[in-house]
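Here's a solo chain for you in structure tokens, the form predicted on its own.
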Amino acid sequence: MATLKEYQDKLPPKLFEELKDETKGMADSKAKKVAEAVYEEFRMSRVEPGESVGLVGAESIGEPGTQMTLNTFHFAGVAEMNVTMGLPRIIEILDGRAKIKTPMMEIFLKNPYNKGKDIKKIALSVRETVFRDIATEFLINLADSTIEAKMSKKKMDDLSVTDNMVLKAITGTVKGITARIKENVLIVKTKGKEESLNEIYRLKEKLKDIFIKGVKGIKQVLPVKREDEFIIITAGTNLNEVLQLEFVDEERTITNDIFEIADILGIEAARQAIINEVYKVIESQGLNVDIRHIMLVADTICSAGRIKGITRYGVVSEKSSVLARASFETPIRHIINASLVGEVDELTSVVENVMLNQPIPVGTGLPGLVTKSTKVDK
């Protein structure tokens, strides 16, 4: 252990802890060799001072990004399970869009359910069930001003829905009505005065979307076997409620909605989700981008403690340099706003120095030379 002491300050804490674990019980001379090799690898992987990491990152993601096909990956045979992939998905993440096109979750299950026990039943219990899912026919009885809805007994049994659940959901959601079930037919009548045909029709449409059971927001479920365990893939997402279900493995269950992750698990988890999601798209397209470029982008998006997209309203609006903001989009507006408040540009970054034809503060342009001048008597 004494051999590794000298590397404690040279290596990051996590790397040092891993090194300690891996060299446990190893001879001192061998441990020192391993430590030296790890330190050398770490030293070589560090960025040179003055390297323009933003530019290198942008080039490294942008170049393969332009060659990316606009693929849309979908689960065969299930039309509702389309998932945005390829360039549209990367744009969605990096723009920091709160509403994504195809929200989805991967729900991992605890033992014994992940081995296939009651998998279909569990998947259906997660899915959002609304009244239209169990109803087969809607009729309006004009003489009595009632709505009659025939319900499928088989669908109710498959989804574990009882008559009481239906009545409770309907009377709890719609006020001023009476509801009863007679021989698998739900009969709904308004309590007050005679309703017009339009109002009865509106009530009929409202009945179709009444939530009965399941998790709100999860429109479709698909149990799939991945390696040696079953997981449930969903269309739609509701991380908060899903994590509270007793059969769910809350440590591995994920959603592709980064804003939802930030709200529930915090900004650090959102940063990791951005890295994972972007990397997943790049990998699925058979491209190769160093993870550190993606990490830099994720850091930039999350640096304010909340998700800010790389757009003129997000990250760009926070730049301290007026000229850098103006070079992105809407230059006149930025320059006028800055002149109104007397903003000063310190010219500390790349863009503003390029605009003014000055050496940029990266690489060899970073250090300034200070010389001692000697006074000469005339």
Partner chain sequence: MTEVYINGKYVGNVENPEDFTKQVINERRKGVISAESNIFYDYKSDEIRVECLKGRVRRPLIVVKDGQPLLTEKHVKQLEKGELKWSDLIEQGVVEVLDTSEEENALVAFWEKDLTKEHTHLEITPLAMLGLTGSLVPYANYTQSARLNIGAKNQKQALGFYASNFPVRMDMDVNLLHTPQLPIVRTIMHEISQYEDHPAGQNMVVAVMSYKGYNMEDAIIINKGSIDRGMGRSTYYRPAIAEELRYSGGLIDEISIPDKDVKGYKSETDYRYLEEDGIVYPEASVAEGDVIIGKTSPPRFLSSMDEYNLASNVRRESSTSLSHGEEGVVDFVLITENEEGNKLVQVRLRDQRIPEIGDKFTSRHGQKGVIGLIVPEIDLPFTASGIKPDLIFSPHGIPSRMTVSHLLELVGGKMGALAGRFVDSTAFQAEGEEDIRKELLSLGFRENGVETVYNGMTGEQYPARIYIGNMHYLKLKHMVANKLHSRARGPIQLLTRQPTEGRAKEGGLRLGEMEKDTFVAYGASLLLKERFDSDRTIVPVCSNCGMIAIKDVFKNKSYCPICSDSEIDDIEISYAFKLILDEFKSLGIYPKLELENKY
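All values derive from a computational prediction rather than experimental measurement. Numbering follows the first chain given and starts at 1. Here, rigid core means the biggest group of C-alpha atoms that superpose within 1.5 Å across both forms.
One more form of this protein should be noted, the form predicted in complex with the partner chain, which is absent from this view; the next part is about it.
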Tell me, out of L55, M26, V34, V47, which residue has a non-hydrogen atom within 4.5 angstroms of the partner chain in the predicted complex. L55
Thinking of L323, V350 and G365 as one candidate spot, does the partner chain come within 4.5 Å of a heavy atom in every one of them in the predicted complex? yes
Quick one: is S339 in contact with the partner chain in the predicted complex, heavy atoms, 4.5 Å cut-off? yes
Considering only heavy atoms, tell me if V354 and the partner chain come within 4.5 Å of each other in the predicted complex. yes
Is there any non-hydrogen atom of E51 lying within 4.5 Å of the partner chain in the predicted complex? yes
Hey, in the predicted complex, is E59 touching the partner chain, heavy atoms inside 4.5 Å? yes
Partner-facing stretch of 331 to 339, 305 to 313, 26 to 34, 39 to 47, counted where any non-hydrogen atom is within 4.5 angstroms of the partner chain in the predicted complex: 331 to 339
For V370, does the CA position differ by 2 Å or more between the shown form and the other one when the superposition is done on the rigid core? yes
